[in-house]
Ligand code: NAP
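Have a look below at one chain only, the form predicted on its own, in C-alpha cells format.
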C-alpha cells in the first residue's frame, strides 16, 4: 500500500510520501538506542515535565490536528477533536502517575530488604492502525516514554501526516532526539525491524492476521509483545434496563468513529420480552443519523476509510442476507465520490452464517432475540473474539453473572465500552493478549527485576 493521504470523503489522493529506505530505518534505530540511554537516566520528574508539555501542545493544536485526522481517515471533525483532547488527558495521566505505578514494590521476606524494581527495556516498535490515529499511539507512547523506553512508530500507511505530527510533537515537547520516531515503511518491512536486536519489544493494534504475524516473529526472537486485535463485542439489553437509555447509548456504541472501532457494540442481544420495542427504537435512532461531510458539525457519520473497506462491508452484508438474515434498515452504499455507507441493522442471523460472530468494521448492528441471559452469554461467547462487552440491566444478579461469565477483557454495566487511562485495556482469545493503559500498560514493557538484599 502506498504511503499517502487519501481523503475518504472525496476519494482523492491529497499527498504522497516516499517510504524510508533501509539505511534511514537503520539510522532511526541507532538514534533510538542513543536516546534510550539518555532517557532511562532521566528522573520521573523530568519525563513528566516534558510529557505535560506534549499534552499542552495537543490542546493548543486541537483544531489543526483534528483536521488532519478527518482528512486522512474520515472521522467527523467533532470526534477528531475529542480524540485529540483524550490523547492529551492520557499523556497527563501518565505524567501524573508513572512514578507511583513504577515505584519500588517492597516485599516482606527473610532478607533485610526485598522488592520489585521496574526498569525500561529499550526501543519498542509500535504497529498502529488508522481508526484512532492519535489516541492509539498516545496510549502506547505516553507510558513507554514515561517508563524510560524509546518508541518507534510504524503507523498505518493512510495516516502519514498524523504519524509525522506525533513525532514532531514529542520533539517539540523536549524529549531527547530519537526518543520517538516515525518509520514511513510498508507492512513488508516490519519483519526486518522486529528482528533487529536493537528493538526490545513490540506492540500492535490491528487485525488478527497482522497480530499473528508480529507475535510469530517476536516469538522466534524471544521478544515480548502486547496485541490488541479485533472484536465482535456483545451489547446485552435485559427487561429491567432503562430501554431509552440503552438504545441511545447503543446507537452511539455501534456507530462511533463511523462504526470503525474494535470495541464498538456489534452484536445486540435483546431479551424477547422487550425485543420488538428495542428493535423499533433502534431503527428510528439509526435512521435519524446524519451521514455526510465529516467537517460539518451536523454530521453524525462520515465516510468509511477507503474503497476496500466499503467493498468488504458490502460483501459481508450481502453474504449475511444470502444466508437468511433480514435487513431492518440501511447497511447500503451511498452513491457519491467518497466511501459513504448508511448505518444499518440486520436481524435473524442464522447460526451457520459467518456474520453470527464475525466482526463487521462499519456501522452495522446485528440483532439477536434471546430468551434469557444464559442464552445471550452463550452466543456472545461463541465468537472467537473477546475484547469488550456491555450489559444494560438493573438486576444485580444479572450484572454479576455477566461480569463473571462473559469471555472478554472488559464488561461495562449500563454504559458503553470505552478505553480509559485509569483502567487496563485489552482482550482475550482472538482479540489479543496483554494490557494497555493503567498500571498494567506502563509495566508491560518493563523489566520487573527482583531485588534481594541480605
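Positions refer to the first chain, counted from 1. Given the structure is predicted, the values throughout are model-derived calculations rather than measurements.
A second form of this protein, the form predicted in complex with the ligand, is not displayed here; the remarks below concern that form.
Of the options 210, 289, 319, 243, which one has a non-hydrogen atom that comes within 4.5 Å of the ligand in the predicted complex?
Contact with the ligand in the predicted complex is made by 210 alone.
76, 149, 205, 87 - the one with a heavy atom within 4.5 Å of the ligand in the predicted complex:
By the 4.5 Å heavy-atom cutoff, the listed residue in contact is 205.
I need the one stretch from 96-104, 356-364, 78-86, 281-289 whose residues put non-hydrogen atoms within 4.5 angstroms of the ligand in the predicted complex.
Result for this chain: 356-364.
State yes only if every one of 118, 226 and 424 has a non-hydrogen atom within 4.5 Å of the ligand in the predicted complex; otherwise state no.
Contact check failed for every one of 118, 226 and 424.
Is residue 369 close to the ligand in the predicted complex, meaning a heavy atom pair under 4.5 Å apart or at it?
Close contact is absent here: in the predicted complex, residue 369 is far from the ligand, nothing within 4.5 Å, heavy atoms only.
According to a 4.5 angstroms non-hydrogen atom cut-off, is residue 387 in contact with the ligand in the predicted complex?
The answer is yes: residue 387 has a heavy atom within 4.5 Å of the ligand.
Give a yes or no for residue 269: in the predicted complex, does one of its heavy atoms lie within 4.5 Å of a heavy atom belonging to the ligand?
Flag for residue 269 set to no.
Could you confirm whether residue 128 comes within 4.5 Å of the ligand in the predicted complex, counting heavy atoms only?
Yes - in the predicted complex, heavy atoms of residue 128 and the ligand come within 4.5 Å of each other.
For the heavy atom contacts within 4.5 Å of the ligand in the predicted complex, list the residues of 128-158 involved, in sequence order.
Result: 128, 129, 130, 131, 136, 139, 154, 155, 156, 157.
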